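Below you'll find only one chain, the form predicted alone, shown as structure tokens.
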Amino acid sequence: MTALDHAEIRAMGPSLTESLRRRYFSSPGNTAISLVGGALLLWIVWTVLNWAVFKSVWTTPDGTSEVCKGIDGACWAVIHQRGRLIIFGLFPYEEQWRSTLACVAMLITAILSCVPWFWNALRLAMLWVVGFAIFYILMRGGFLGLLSVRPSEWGGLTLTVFIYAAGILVGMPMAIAFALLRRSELPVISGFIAGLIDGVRSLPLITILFAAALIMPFILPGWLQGDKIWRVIFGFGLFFAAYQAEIIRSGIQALPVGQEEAAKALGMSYFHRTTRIILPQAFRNALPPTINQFVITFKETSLVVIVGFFEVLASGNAAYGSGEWSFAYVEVYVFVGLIYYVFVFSLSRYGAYLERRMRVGQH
């Protein structure tokens, strides 16, 4: 092998074996720690697989918990028997196909949102409005031969998806309006919005949900009260808007001042400056914290149980709450945790993809 060949190999960097040796086995101490840590990791993986897969029970032919008595593994039969309660809540059994189609509609909406053709404010807004309308029509019913199902009978994963999607649809326009109004040159408007944002952010979400569900009926006239779920969604959206407004405002503040001044010099109106120059770049700058806020908001949907709505976590508690399945709470929480993991991990991966795409677009 010539000197040139050695130079080319060095330019390619260390091989995988060499990299592992340097990182984990570079000294006797590192070697000992790596071996002990690897053995511990293998033991943990084997223990989890042994409990969750090899010694577990997956179905219950007779519909009872007797099949899980005396086993050393997981009793996934509770999911087989009570899974519908976790997914659909108290939605009528014969109508649960509607709840399934509603969730599929929202999933298709989310997938279409990833298509670059929809990355336009009007198209994206219309997509989510139509998708949410289909979701609500399927869930609510009351016409076209569909049985009317009140929101008080909704629950499980479908209720979580509904509250999350509705909260984002209500909260995002409010967040944009709050961010722009806080930058207003009129001190009265900017001061009022700043006080509103800071006031909402200083309160726990539970307090806002409790006030929206139970206090507002005593304040508002009857014609303005609406259903409890819509008051809760408004409170949920307001809380999201207060945090998202600051994220958007930070994205606006990161823009060079000269861009807006140049737009003014060209005679562009405030509407065109905002929608075509400021907001697109602000959302790109604020993309990482926006994705993080979406993730946090999805997890916060579990708090609606405080006002009497049985979302996926509360439905999971009800699934093992009966005396027959009370021993299988670990399996239920693992299943619910996997649901949250799938949603949150998907959001984070899509956010990472968008960040990479946005960076490419800047060059």
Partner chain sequence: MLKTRKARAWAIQIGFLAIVAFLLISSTLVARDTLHAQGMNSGFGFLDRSTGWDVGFSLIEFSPFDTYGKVIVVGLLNTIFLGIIGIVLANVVGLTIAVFRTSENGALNAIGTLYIEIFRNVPIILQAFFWYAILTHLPRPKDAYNLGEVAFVSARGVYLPGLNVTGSSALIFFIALVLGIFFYIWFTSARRFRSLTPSAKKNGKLTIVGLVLVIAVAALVMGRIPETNLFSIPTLKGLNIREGIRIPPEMSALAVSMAVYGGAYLAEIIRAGFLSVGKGQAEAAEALGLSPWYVFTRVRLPLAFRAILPTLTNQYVWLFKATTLGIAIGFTDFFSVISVSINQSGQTLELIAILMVGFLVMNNTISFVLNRVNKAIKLKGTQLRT
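Small disclaimer: the values here were computed from a predicted structure and weren't measured. Positions refer to the first chain, counted from 1.
Just so you know, the form predicted in complex with the partner chain exists too; it's not on screen, but the next bit is about it.
Interface residue remark: K299 is counted as part of the site for the partner chain in the predicted complex, having a heavy atom within 4.5 Å. Shown alone here, I219 lies within 4.5 Å of the partner chain in the predicted complex, counting heavy atoms only. Among heavy atoms of P187, some come within 4.5 Å of the partner chain in the predicted complex. Contact between Y24 and the partner chain in the predicted complex is found at the 4.5 Å heavy atom cutoff. Heavy atoms of every residue among N30, S202 and Y340 are located within 4.5 Å of the partner chain in the predicted complex.
This chain is drawn without the partner chain; in the predicted complex, the residue among F178, W154, F239, F162 with a heavy atom within 4.5 Å of it is F239. In the predicted complex, R23, Y24, N30, I33, S34, G37, G38, L40, L41 are the residues of 20-42 with at least one heavy atom within 4.5 Å of the partner chain, listed from first to last.
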